[in-house]
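Next up: just one chain, as structure tokens, the form predicted alone.
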Amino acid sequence: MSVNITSAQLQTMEQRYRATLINSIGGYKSLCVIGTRNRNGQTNLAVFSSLFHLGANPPLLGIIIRPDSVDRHTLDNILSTRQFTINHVHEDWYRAAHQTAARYPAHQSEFAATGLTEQYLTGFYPPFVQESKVHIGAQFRERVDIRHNGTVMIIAEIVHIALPQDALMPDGFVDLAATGSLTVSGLDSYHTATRLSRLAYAKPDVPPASIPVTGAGGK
């Protein structure tokens, strides 16, 4: 038996129930914590599930930040310093990553509140998360205000990458199963990743073929 939900039914649902439904129906999402620092040196860390790829040349990514009707320390810091860090989340500290979603005051660092460790790269202002195995340094490029729901899309360029050597395949593929990077569904359901297969570039009339992956993540 299936459940069919109409647009009219969505509009009459209790707000939090509807938000949970819509946040999870789209499937698994990228999971990261974003590190920033304001001009006074105060650090901030926040968990995000809205990271997405925009292009490889130049290397662009985007994040969606919810309406700034309340203080959005991450957004304020990105717009002020024009840099932020993206850090993958792993099984041994995902609870700390989740806790960064709590509404701490601007003067309290989520690093200190959750026990995570600030790590700095020479010449790059905001902190990375030392406990993460995959680090991305991002440079702000553009803000897009989405009028339909008041959210903000931040477009940024990747200017630094750090990851374990054995997770980087000869063709440039990053073996996230080898790094143990987690994914998320909805706002609060965390998942490990198990690869089924990596498939070759699709061509008409050619059956899909597997690509060997030699990293620690498996076949």
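Throughout, we count residues from 1 along the sequence that is shown. As the structure is a prediction and not an experimental result, all values here were calculated from the model.
The form predicted in complex with a further copy of the same chain exists for this protein as well; it is not shown, and the discussion that follows is about that form.
S.K.: Within 4.5 Å of a further copy of the same chain in the predicted bound form, do 55, 101 and 136 each have at least one heavy atom?
M.R.: Verified in the predicted bound form; spot residues all in contact, yes.
S.K.: Can you check whether residue 40 is within 4.5 Å of a further copy of the same chain in the predicted bound form, heavy atom basis?
M.R.: Residue 40: no, not in contact with a further copy of the same chain in the predicted bound form.
S.K.: So, residue 107 and a further copy of the same chain: in the predicted bound form, are they within 4.5 Å at any heavy atom pair?
M.R.: Residue 107 lies outside the contact set for a further copy of the same chain.
S.K.: Can residue 122 be called a contact residue for a further copy of the same chain in the predicted bound form at 4.5 Å between heavy atoms?
M.R.: No, no contact at 4.5 Å.
S.K.: Check whether residue 141 has any heavy atom within 4.5 Å of a heavy atom of a further copy of the same chain in the predicted bound form, and answer yes or no.
M.R.: So residue 141 counts as contacting a further copy of the same chain.
S.K.: Just to make sure I understand: among 159-176, which residues lie within 4.5 Å of a further copy of the same chain in the predicted bound form, judging by heavy atoms?
M.R.: Heavy-atom contacts within 4.5 Å come from 159, 160, 161, 162, 163, 164, 165, 168, 169, 170, 171, 172, 173, 174, 176.
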